[in-house]
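A single chain, nothing else alongside it, follows as structure tokens in the form predicted alone.
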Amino acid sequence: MNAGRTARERARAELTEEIKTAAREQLATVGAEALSLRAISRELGMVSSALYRYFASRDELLTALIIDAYDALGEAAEAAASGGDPVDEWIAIYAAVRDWARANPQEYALIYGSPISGYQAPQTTVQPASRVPLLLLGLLQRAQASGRLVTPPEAPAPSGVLAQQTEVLVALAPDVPPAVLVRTVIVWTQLFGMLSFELFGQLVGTMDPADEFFASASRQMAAFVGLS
């Protein structure tokens, strides 16, 4: 009985991956807005009612794909983290994020592209989405403890920004100075702005290919948050 259950579980896991693979292929051809469980079932030779036993709705399948994408990005970034020189590690994490995005443009667009009509990401996506920012905050905390983080001068910030910072970032990285936390949000958004410009063709004719531009920007962003 146990062996039978294990075999069924293994078969279910394999078919689940086949469904997600077919869904990723759809993302590449028709985009997330047009993702269709019925089309996936036809491609896999399944009746649609059978597929709905694996994913009850399009949104449930989208959530699974989004979690997979965030986890894959997080794994790539974490693999690049050396725990050594903080500036080198920062640059390596940025490079790993870029490499993953370039290798997986459809998954990147799914998590950092345009919102999907009618879809609202559930709470289960928050932890996977937090892996890279938590990695960078951990790096900053280690740099602060080792004297490798220079606190930049604090620029005046609206009270609402300070309140948001207090509620979220300070709770995650209590040892990092507030001025650094504000700058961390700035460089986080800058990272994905650069990636989106590159992946969606906005650098053509200017900084394309973008290798040297990205490497230089990564080092400047490390300096901007105070890493030395």
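Position 1 is the first residue in the sequence shown; the rest follow in order. Keep in mind that what you see is a predicted model, and the values were worked out from it rather than measured.
Just so you know, the form predicted together with the DNA exists too; it's not on screen, but the next bit is about it.
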>> If the cut-off is 4.5 angstroms on heavy atoms, which of these, Ile186, Ala50, Val30, Ala171, is the one near the DNA in the predicted complex?
In response: Ala50
>> Going by heavy atom distances of 4.5 angstroms or less, which of Gln190, Ser196, Ser36, Thr63 would be at the interface with the DNA in the predicted complex?
In response: Ser36
> So in the predicted complex, does any heavy atom of Gly160 sit within 4.5 Å of the DNA?
Replying inline: no
> With the partner left out of view, is Thr6 within 4.5 angstroms of the DNA in the predicted complex by any non-hydrogen atom?
Replying inline: yes
> According to a 4.5 angstroms non-hydrogen atom cut-off, is Leu15 in contact with the DNA in the predicted complex?
Replying inline: yes
>> Taking the DNA as it sits in the predicted complex, is Leu203 in contact with it (heavy atom to heavy atom, 4.5 Å or less)?
In response: no
